[in-house]
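The form predicted alone is given below as one chain in structure tokens.
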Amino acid sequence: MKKLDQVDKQILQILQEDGRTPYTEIAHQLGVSEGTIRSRITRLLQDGVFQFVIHPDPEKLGLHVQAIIGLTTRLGMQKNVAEELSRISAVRFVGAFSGKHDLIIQACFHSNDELITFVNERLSQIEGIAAADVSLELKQYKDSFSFVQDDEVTLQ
């Protein structure tokens, strides 16, 4: 993979603000040709630097309960547990961490009852989970997938 240069980072920043920005507009903002933008975006996509996805608001989809669940796994079972959790549609994030929890997941539910059923019936059936620590999101202040910092790039 080619190292990202300033133009690549500027393209990413523009697309993070609005993924629907036309290539002609990006080219105009950056002072380069549309062909340059098209080829750069194609390369960035092929290199796996980013992907175009939609980011729906769970609340607007009726998923009013968002939980962060810290899991302790039995030794040697972390990967198997993570793979099984990754197959569950309510789980939107699974990550391995150092510290108190071996895995942390984020999951969304329609109700508290649905969360309770998930913990008591789904998690309890996954071999290798020793303990679960459930935290409910009370208020969300930020939810972003923006990794290019504003101070890293300067738009023309």
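Fair warning: this is a prediction, and the values are worked out from it, not measured in the lab. Don't overthink the numbering: it's just position in the shown sequence, from 1.
Below: the form predicted in complex with the DNA, not depicted.
Proximity to the DNA in the predicted complex, defined as a heavy atom within 4.5 Å, singles out one entry of R92, H110, H28, R38, which is R38. Though the DNA is absent from this view, in the predicted complex it lies within 4.5 Å of a heavy atom of just one residue from I129, L44, V65, V32, which is V32. By the criterion of a heavy atom within 4.5 Å, R20 is counted among the residues contacting the DNA in the predicted complex.
In the predicted complex, the DNA sits beyond 4.5 Å of every heavy atom of Q16. Within 4.5 Å of any heavy atom of the DNA in the predicted complex lies no heavy atom of S146.
Taking the partner from the other structure, the DNA in the predicted complex has no heavy atom within 4.5 Å of any heavy atom of Q140. In this stretch, 88-107, not one residue has a heavy atom within 4.5 Å of the DNA in the predicted complex; the partner itself is omitted from this view.
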